[in-house]
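Single chain ahead, written as structure tokens, the form predicted on its own.
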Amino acid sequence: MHGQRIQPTDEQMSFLQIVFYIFAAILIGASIMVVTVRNPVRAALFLVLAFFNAACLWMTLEAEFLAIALVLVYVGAVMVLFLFVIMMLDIDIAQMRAGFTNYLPLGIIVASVMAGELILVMLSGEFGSAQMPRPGGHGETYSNTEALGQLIYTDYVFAFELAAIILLVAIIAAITLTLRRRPQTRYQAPEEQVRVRKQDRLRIVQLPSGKEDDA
């Protein structure tokens, strides 16, 4: 199913490491800019850059399907929607960042704890090149999409169906929340607007002219 693996040469491994570090550095920089830049439109554009670099990293691991899905779904659909919403809304940046300094100490503590945990995990010696070597490449007939589909619908079919049910429940809940009646919100009835007559909306008022008042 997976085909015969091809072990890359030392030159290819060195090239892949250089490519990995380049894309990883750009990804980290773009992620930092997403949370530090003041303009929300620029933050969304930096997030698009982060998605592109993550897709490139997946391409180096021969995960072409996941890479193209990330670009098409998140960059091509979700982020475009975010950009439209951000540009259409009148966001007050000063008001949004008014309480930033109040939560800054807590954010620094949480970020420090997460960074410390990541450093401890990476220094544990369980994720080195000896314990987890880079997998070898595949032949020309290998299809990443076919292999992923066979795994999803055989070994992980229960988890896949469970995720589909949870997503369906979330969609139904979102539609139900948008269709609920709120008394304080004004609604329009299109059928009543179509049947409206001018007598229902207009009233002719006879006012005396100015000449009669002067007389």
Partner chain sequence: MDWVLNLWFELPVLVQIGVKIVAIVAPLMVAVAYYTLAERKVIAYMHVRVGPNRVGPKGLLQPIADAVKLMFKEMIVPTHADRYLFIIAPVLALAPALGAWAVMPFTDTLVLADVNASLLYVLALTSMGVYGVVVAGWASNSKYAFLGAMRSAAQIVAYEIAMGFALVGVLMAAGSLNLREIVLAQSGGLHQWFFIPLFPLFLVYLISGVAETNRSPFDVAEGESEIVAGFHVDYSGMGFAVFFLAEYANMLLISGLTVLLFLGGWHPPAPVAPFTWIPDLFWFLGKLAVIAFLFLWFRATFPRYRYDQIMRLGWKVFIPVTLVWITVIGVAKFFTPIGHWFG
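Numbering follows the first chain given and starts at 1. Here the structure is a predicted model, which means the values were calculated and not measured.
Form predicted together with the partner chain: not shown, discussed below.
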{"item": "Heavy atom of Ala130 within 4.5 Å of the partner chain in the predicted complex", "value": "no"}
{"item": "Contact test in the predicted complex: Gln188 vs the partner chain, heavy atoms, 4.5 Å", "value": "yes"}
{"item": "Partner contact for Leu120 in the predicted complex: the partner chain, 4.5 angstroms, heavy atom", "value": "no"}
{"item": "Contact test in the predicted complex: Asp155 vs the partner chain, heavy atoms, 4.5 Å", "value": "no"}
{"item": "Interface residue in the predicted complex among Val48, Leu148, Met33, Ala54, criterion: non-hydrogen atom within 4.5 angstroms of the partner chain", "value": "Val48"}
{"item": "Residues Ala164, Leu168 and Leu177 all lining the partner chain in the predicted complex, heavy atom within 4.5 Å", "value": "no"}
{"item": "Among 156-164, 169-177, 58-66, 23-31, the region lying within 4.5 Å of the partner chain in the predicted complex by heavy atom distance", "value": "58-66"}
{"item": "Residues in 29-43 close to the partner chain in the predicted complex, defined by a heavy atom within 4.5 Å, in order", "value": "Asn39, Val41, Arg42"}
